[in-house]
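Below you'll find only one chain, the form predicted on its own, shown as structure tokens.
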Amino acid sequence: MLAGSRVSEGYWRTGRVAERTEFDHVRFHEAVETPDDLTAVFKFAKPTPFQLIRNALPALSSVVPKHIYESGKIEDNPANNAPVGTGPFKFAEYKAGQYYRLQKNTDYWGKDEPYLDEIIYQVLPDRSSAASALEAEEIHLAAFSAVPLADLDRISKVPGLKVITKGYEGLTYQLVVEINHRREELADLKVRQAIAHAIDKDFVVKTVFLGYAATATGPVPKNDPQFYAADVPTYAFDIAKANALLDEAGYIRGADGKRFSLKLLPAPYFNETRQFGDYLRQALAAIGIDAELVNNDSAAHIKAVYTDHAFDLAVGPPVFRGDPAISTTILVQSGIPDGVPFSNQGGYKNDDLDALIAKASETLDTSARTELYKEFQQKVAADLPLINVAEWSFISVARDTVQNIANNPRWAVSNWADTYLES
């Protein structure tokens, strides 16, 4: 039995909208040929790197039975409450507010049957309940950071329990300061550089994330060795330099010590994004920028930032999914329609960067494509269309008896066929 945290449903649902927008050349094709019952040949309208397809399919798409989903809206289909699939476990039972139960699929197409007979996802009333349920041996596993960071140090010392930080490398969250470039002050690179210098990333990692994160240098996280580039412009914590840059930009402190005021909207999805919003307001005050903190619920935040553009700075948690073309380039690419969450809705436009993004998405040679994305990181870090602060991922807590729960970078959303309990 296991429990998982319930991230805002609106967050996941609108995130899928962003993914569909940025990935249209993979989704839309000229034709699909089916030469036999087990083969589908996709013909894309544009050159599409196999590497991109490989990285995208497990993260962004699913194969669903046409005869069940071909009529009506997918979100309204009754089959959503009794999923049909081909994995090692089959949907068996659901009780609202209590649990979901899966049972072994004895007809599973894989090499071996799954080890577990069933999996029960227990719904807990809040995140603090997960630690108690683990200690009481009511559940075996709490995935997706169901146990709050503040409880991890204590629970790691409980006999029979283990804290596991692996198995989520393909789902790296990035703490990002989103910038509305329509605002005159923020359209000035020196102002953006000043804000970057005003943020103490080490302090954020240690205080907001209690050490369960890493400082960021740019739009690709360090745990992706293929694409990550360390050699990019960086902005050390330096209040004096930040103040000097603002003076150079012509934004002099007034008699009250303030240079100008901004509206700051932290995303409500995680405690950490809200806490960083509080920190950022204080960090900006130290350089004479007065930030009005606006806390909204999920729906209101998405509308304000991604539809109405009623923000100056926002705190966002986009996800890096193993390839810059997925949920990353859309953060700085221009021309994204209004209302697409987790995209560039700050009005930033850089023709060179747009051309680089387009070229990388259609470059078939893997080495050449990797080099293009390293150049992409250089340009983003230099021009600061947004500010990458930290990167983190989920954490699991499990009983010692649970095995094979972190053996691939997408384990938490993999099929769990080889997960088992030691007797």
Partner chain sequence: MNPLRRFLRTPEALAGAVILAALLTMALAAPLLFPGDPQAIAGPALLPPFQDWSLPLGTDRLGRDVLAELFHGARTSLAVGLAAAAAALVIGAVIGTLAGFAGGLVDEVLMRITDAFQTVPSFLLALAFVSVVGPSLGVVVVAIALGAWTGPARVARAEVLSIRERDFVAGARVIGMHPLEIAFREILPNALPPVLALSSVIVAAAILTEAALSFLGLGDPNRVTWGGMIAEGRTVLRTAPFLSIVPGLALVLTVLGVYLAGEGVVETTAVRRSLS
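Numbering follows the first chain given and starts at 1. In this text, all values refer to a predicted model and were calculated from it rather than measured experimentally.
The form predicted in complex with its partner chain exists for this protein as well; it is not shown, and the discussion that follows is about that form.
Undergrad: If we define contact as a non-hydrogen atom of the residue within 4.5 angstroms of the partner, is P317 a contact of its partner chain in the model of the complex?
TA: Flag for P317 set to no.
Undergrad: So, F203 and its partner chain: in the model of the complex, are they within 4.5 Å at any heavy atom pair?
TA: So F203 counts as contacting its partner chain.
Undergrad: Just checking whether Q275 would be counted as a contact of its partner chain in the model of the complex - the rule being heavy atoms within 4.5 angstroms.
TA: Q275: contacts its partner chain in the model of the complex.
Undergrad: E113 versus its partner chain, in the model of the complex: is there a non-hydrogen atom within 4.5 Å?
TA: No, no contact at 4.5 Å.
Undergrad: When its partner chain is placed as it is in the model of the complex, are L353, A358 and K379 each within 4.5 Å of it, taking any non-hydrogen atom of the residue?
TA: Contact check failed for every one of L353, A358 and K379.
Undergrad: Only one of 235 to 243, 150 to 158, 170 to 178, 253 to 261 has heavy atoms within 4.5 Å of its partner chain in the model of the complex; I'd like to know which.
TA: Of the stretches listed, the one contacting the partner is 150 to 158.
Undergrad: So its partner chain isn't shown here. In the model of the complex, which residue out of I330, A198, V305, V208 has a non-hydrogen atom within 4.5 Å of it?
TA: So the residue touching its partner chain in the model of the complex, by this definition, is V208.
Undergrad: Ok, R281, K190, H309, H140: which has a heavy atom sitting within 4.5 Å of its partner chain in the model of the complex?
TA: Of the candidates R281, K190, H309, H140, R281 is the one lying within 4.5 Å of its partner chain in the model of the complex.
Undergrad: Hey, which residues along 242 to 272 are within 4.5 angstroms of its partner chain in the model of the complex, non-hydrogen atoms only?
TA: Residue within 4.5 Å: N271, and no other.
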